[in-house]
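Form predicted alone, single chain, as structure tokens, below.
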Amino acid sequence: MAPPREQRGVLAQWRFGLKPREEDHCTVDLPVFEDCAEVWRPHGRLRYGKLGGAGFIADDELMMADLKLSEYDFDDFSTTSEEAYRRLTDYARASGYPFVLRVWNYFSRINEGDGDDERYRQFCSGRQRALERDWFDEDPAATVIGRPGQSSRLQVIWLASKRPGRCLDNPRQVTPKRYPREYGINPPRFSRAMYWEGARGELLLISGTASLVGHESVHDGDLAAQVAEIRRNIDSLLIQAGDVRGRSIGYQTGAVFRVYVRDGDRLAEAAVLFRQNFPDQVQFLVVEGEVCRRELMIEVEGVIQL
């Protein structure tokens, strides 16, 4: 672990669509409907440095780390994924922020390949092998999105804490690790959401949420219906989080959502549909990104500060 250096201002600044700046911590090279940056404010002293091959920035409670690996350095994509998660678990343990709350995964050609050779399924298999060696205490919230183009880079960004969160399921959906065999040799490993409390307040970290009921995709080919189904799934998660919290959670001002849309020509349409389905006070950004199943046209993730 490299010696930390102090920094002021932001815990993390996500940059989408704009030219990266020196102060940006997380740059995600996905096309966006409108150029934007997403800023996470710190609590306490900030420091940043290196954890092995990952850059990190941390405050008194949370750490954000960003790891990039090239597929060309490994035998296949499954091995690349395994190595990324092996490093993630090793780095988190060594960092002093051992509880991984949230993971974002970005790589190209997510649906390339047939059956178990599909790259998304290969990613899940590699992740599973790493976690068989070193399990998370609880599966974190997560997003896996395909980057348009032919990049060889796997980017894994994670948010970790000095104290654990509480993982949440959605009663409208099957728990991911219990998906049937038809979705691959190894099922996905994530929680539908993560609830966390700290000195800065409370966070609800909502995983990438798509038009799924049970374990099946619904509304194939109908973007508007998929957005409406996503709203129902997120509503269900808010109810579960409210039960854990002991009081209700709504779509308040501190809510920020990312909307990933498979077809870059439909970003404007997706923005209109999101605004029609979600309250006006919710902030959102629309990003071009491929969803893990071919029939899914859109996926939504969120962070709600309470």
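As the structure is a prediction and not an experimental result, all values here were calculated from the model. Residue numbers here begin at 1 and follow the sequence given.
Omitted from view is the form predicted in complex with 3-(2-carboxyethyl)benzoic acid (3EB), to which the following refers.
Novice: What stretch, of 72-80, 157-165, 141-149, 86-94, brings heavy atoms to within 4.5 Å of 3-(2-carboxyethyl)benzoic acid (3EB) in the predicted bound form?
Specialist: Heavy-atom contact with the partner occurs in 141-149.
Novice: Report yes if any heavy atom of Y120 sits within 4.5 Å of a heavy atom of 3-(2-carboxyethyl)benzoic acid (3EB) in the predicted bound form; otherwise report no.
Specialist: Close contact exists here: in the predicted bound form, Y120 approaches 3-(2-carboxyethyl)benzoic acid (3EB) to within 4.5 Å, heavy atoms only.
Novice: Can V287 be called a contact residue for 3-(2-carboxyethyl)benzoic acid (3EB) in the predicted bound form at 4.5 Å between heavy atoms?
Specialist: Outside the cut-off, so no.
Novice: State yes or no: in the predicted bound form, is some non-hydrogen atom of G126 no more than 4.5 angstroms from a non-hydrogen atom of 3-(2-carboxyethyl)benzoic acid (3EB)?
Specialist: Contact check for G126: no, nothing within 4.5 Å of 3-(2-carboxyethyl)benzoic acid (3EB) in the predicted bound form.
Novice: Do G184 and 3-(2-carboxyethyl)benzoic acid (3EB) come within 4.5 Å of each other in the predicted bound form, heavy atoms counted?
Specialist: G184: no, not in contact with 3-(2-carboxyethyl)benzoic acid (3EB) in the predicted bound form.
Novice: Taking 3-(2-carboxyethyl)benzoic acid (3EB) in the predicted bound form, would P188, R192 and L212 all count as contacting it (heavy atom within 4.5 Å)?
Specialist: Each of the three qualifies.
Novice: Do any residues of 41-65 have a non-hydrogen atom within 4.5 angstroms of 3-(2-carboxyethyl)benzoic acid (3EB) in the predicted bound form? If so, which ones, in sequence order?
Specialist: The stretch 41-65, when checked against 3-(2-carboxyethyl)benzoic acid (3EB) in the predicted bound form, contributes no residue at the 4.5 Å heavy-atom cut-off.
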